[in-house]
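Below, in structure tokens: the form predicted alone, a single chain.
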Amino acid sequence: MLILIKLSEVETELNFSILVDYFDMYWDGFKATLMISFIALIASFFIGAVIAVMRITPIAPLRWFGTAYVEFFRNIPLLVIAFFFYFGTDALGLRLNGFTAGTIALSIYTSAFIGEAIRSGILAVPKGQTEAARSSGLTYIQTMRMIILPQAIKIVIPPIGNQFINLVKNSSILALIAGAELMYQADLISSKTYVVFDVYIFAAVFYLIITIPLSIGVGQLEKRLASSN
């Protein structure tokens, strides 16, 4: 089945037989991308929350560590982090496959951005709530976990949602370390068929299947939280 797409007055044939013939490879890549994104999403959120709390803690060494973590990982490319865990860990006697190395790299990289977003949410919560919680006998950790963080996360749902969507798209970097995700499978299909345009258009559609529902879900969650206030 052929579909004609007109791009800048140049007609290009989109060959759906590639999608049919190599659907198993696309599907394997799609499932791997979902798994990587799901694991990295959860890990980056919890790491980011911990880093955010460190960033505003009165304990100076923890505050310095949190600041160093955010500034370091936000300002180096994701690919460098992925290469470190895939190639560099050999020097430590630890050999990670592309899936594991890429998931760890993606989690760490995204957590730096999420941590900064949550920190901004924490700072937006009135300080009086922290003082009231502490005066009622709650510890610093209990105050953050039970009082401050739930409110802070509600405030920063949009930027956190955007980071989750970016996480899915950034997972394509794993193709360079044999992460077995969608872009890696698309590269393999392209090398088998010697077709570029069609192969990557279909890969883009699979990414949209993940990111569009995620974007809609974040929007609905934001509206629900806003209406509950």
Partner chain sequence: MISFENVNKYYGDFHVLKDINLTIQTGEVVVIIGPSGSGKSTLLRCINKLETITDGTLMINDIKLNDKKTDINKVRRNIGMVFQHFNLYPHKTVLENITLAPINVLGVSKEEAKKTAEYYLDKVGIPDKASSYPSQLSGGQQQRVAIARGLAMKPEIMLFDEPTSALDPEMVGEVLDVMKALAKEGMTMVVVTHEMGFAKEVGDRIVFIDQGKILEEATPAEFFAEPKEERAKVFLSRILNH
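Numbering follows the first chain given and starts at 1. Small disclaimer: the values here were computed from a predicted structure and weren't measured.
Same protein, other form: the form predicted in complex with the partner chain, not shown, and the subject of what follows.
Engineer: Give me the residue from Ile104, Leu78, Ala133, Ile122 that has a heavy atom within 4.5 Å of the partner chain in the model of the complex.
Structural biologist: The residue in contact is Ala133.
Engineer: Name the stretch, out of 81 to 89, 68 to 76, 95 to 103, 123 to 131, where some heavy atom lies within 4.5 Å of the partner chain in the model of the complex.
Structural biologist: Checking each option against the 4.5 Å cut-off leaves 123 to 131.
Engineer: With the partner left out here, check for me: in the model of the complex, does some heavy atom of Ile147 sit within 4.5 Å of the partner chain?
Structural biologist: Yes, Ile147 is a contact residue.
Engineer: Though only this chain appears here, would Leu138 touch the partner chain in the model of the complex if you measure heavy atom gaps against 4.5 Å?
Structural biologist: Yes.
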